[in-house]
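You are given structure tokens for the same protein chain in two forms, set apart as structure 1 and structure 2.
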Structure 1
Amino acid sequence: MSDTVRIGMLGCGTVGQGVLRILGETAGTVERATGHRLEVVRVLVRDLQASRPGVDPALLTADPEDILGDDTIDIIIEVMGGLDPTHEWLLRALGHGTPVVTANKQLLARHGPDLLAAAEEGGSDLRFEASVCAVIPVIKVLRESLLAAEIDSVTGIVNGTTNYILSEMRRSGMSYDDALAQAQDLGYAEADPADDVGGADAAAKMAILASIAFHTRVLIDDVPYVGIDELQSDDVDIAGELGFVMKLLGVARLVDGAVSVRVHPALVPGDHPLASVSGADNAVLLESTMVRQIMLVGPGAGGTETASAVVSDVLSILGSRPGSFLAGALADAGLPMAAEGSLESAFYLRLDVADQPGVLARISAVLGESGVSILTVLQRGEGESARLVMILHRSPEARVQEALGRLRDMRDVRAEPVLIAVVGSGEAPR
């Protein structure tokens, strides 16, 4: 590259404007540190007339050919989002040898292998730190610092919206709807929060992290996910009484040589490292027999934070040997996906049952016949019905699901059972 690095940017929303601002404010520092002067020469937008304070209108274009067809552009930054035509455009850029920096988690979770292959064939580079947990450098840590650490599991609070909602429900007793409304008022949640509260956003991020951590191909379709939109305040409150904290977790681990990745609400023991991560923060806990535990914590969203990660990736392209990061990201161990139900876990089970003698014994018998044992029982009477809350010992998930199917068919059980995984080093708080 020449001393002047010409940059084309696809998109100029909150993150794109943040990138322009950071590049402008740090231009002197970057030039002194890298020997390169970064110059954004074109910015693709949909609406040339939209207000973009501080952005030079002369940079703007509505024609993608002004960037994709310009052979003098050294790096393309993609912050426009979406799958189409973004996928096609990035394949074209990478295939022509132009390095790409993207923050597009949904695109990577669906088409990451195609993009990486195009980069390899074109002799270019693809960086995507900003696609997961914004400014937290978890991808760089996995691909560089811990490349040889043989990661066993990645457990993450990777969605700030849901973490904020659950934190407020626990802290103030707020209902889910009220906590979501407050998150929207503060800008932590979108007007349409479905991807966040439903778990799809976290699933995309976990697909990316699992791919990097385990050197294998994991796409979003390989990640079953459950969000918090059906969670009840009672479960958050009862979890607190039992010494747990409710979190929406992404969990990726190796199980007998296979990869398991999923997203779901979980009860976290109060002394677990992830229990204290509150508000809109994200955290990723990396575990390995070589390095034990490493946890990265910080803001996982926000325009400025994401823009900072984008700029960091640009600087990494300038300062790294061509192809080194790509070669590591493309390493493929070919591990299979773990069979559904193969994981072992402790579980929280809540049942609304008839308040009659012998009900607990009958339910315990059903669990026992499926090979599932009970660690703790909490019972509350509510008129003609009762609420049973149980913490189940670690058991294969398939056994628990079998027992759950039989419990649903019992006349004593009056509502859909609620089953939530319990994570941590033990089955119950110390």
Structure 2
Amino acid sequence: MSDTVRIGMLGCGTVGQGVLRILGETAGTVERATGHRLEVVRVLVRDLQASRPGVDPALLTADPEDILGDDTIDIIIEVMGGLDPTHEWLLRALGHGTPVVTANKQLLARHGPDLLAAAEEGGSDLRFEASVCAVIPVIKVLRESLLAAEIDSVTGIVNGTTNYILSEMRRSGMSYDDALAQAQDLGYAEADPADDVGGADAAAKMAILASIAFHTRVLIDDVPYVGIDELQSDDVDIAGELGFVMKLLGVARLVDGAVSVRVHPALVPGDHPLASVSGADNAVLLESTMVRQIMLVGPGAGGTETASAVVSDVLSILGSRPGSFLAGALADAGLPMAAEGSLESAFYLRLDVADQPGVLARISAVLGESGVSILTVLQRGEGESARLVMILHRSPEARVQEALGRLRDMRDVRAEPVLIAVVGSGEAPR
């Protein structure tokens, strides 16, 4: 590459504008450190007239050919999001040998393998640190520092929007809707925030992390996910009274040589390191026999924070030879995916029941017959009804689900039971 590196950017929203700002502010430092001057020469958008404070309108184009068809462009930054036409455009760029930096987790969690293959074939480079946990360098650490660390589990708070919502509900009693609106205003949420609150954003990130941690291809379709959109604030409050904090967790682990990856709301004990990760911060706890525990924590969403990871990937490309440094990361070991129901977990179970003699005994009997044992019981009378909250000892999930099916059918049980995994105590899933 010549002294001036010509960059084409696809998208100029929350992250894209952050990239332009950082490149402008750090131009001198970058040139001194790398010997290259980074120049954004073209920026693709849909609406040329939209307000973009500080962005030179002369850079803007609505024609993708101005970037994809320009052979003088050295690096493409993709911060437009979406699957289509993004997938086809990046395949084309990589196939032509143009390095690509992307923050697009949904695209990577579906098409990562063929994008990396195109990078290999085209002799180019695909970097995607910003796609997971914004500025926290979790991909670099997994791929470079911990490549041979035989990771057993990756447990993370990997969505800033939902962590912000849960933290604000707990800290200030803010409503779910108000907290979500604030997260959108602050630039944390996806263009469609249903991806955040429904768990799809976290599932995509966990698929990417699991692929790298376990050297096995994991796609978003391999990751069952539940978000926080169905969560009831009562359960957040009761969990707090019991000494737990509600989090949306991604949990990826090896179980008897198979890979299990999931995203779901979970209770973590108040003294667990993940419990204190608040606001839009993310954290990833990496565990292995070899290195014990490493936790990476920091800003997990936001335009400037994500843009900083994008810029860092651009600098890595300048300092590396052609070829993807992540090639092979997605399919070395080829481990199978773990069967559903083969895992063990402790659980929080909430039942709204008739407040009558013998109800607790009948419920305990159902759990006992399924081989599920109770650690703690909390009961509150509410008129004719009672609210029973139990923490269940770690048990095979298939047994807990069987008991849940029977509890649902009991006349004593007046509403759909609520079952939430407990993670990170002696009762943690494994």
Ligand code: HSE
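Here, rigid core means the biggest group of C-alpha atoms that superpose within 1.5 Å across both forms. Counting starts at 1 and follows the sequence of structure 1. Everything numeric in this text was worked out from a predicted model, so none of it was measured.
It is structure 1 that shows the chain in the form predicted on its own. Core-superposed comparison between structures 1 and 2: the CA of residue 243 stays below a 2 Å shift. With the core held fixed between structures 1 and 2, residue 192 has its Cα displaced by at least 2 Å.
For residue 50, the Cα coordinates differ by 2 angstroms or more between structures 1 and 2 after the core has been superposed. If you overlay the core, the Cα of residue 72 moves by 2.9 Å between structures 1 and 2.
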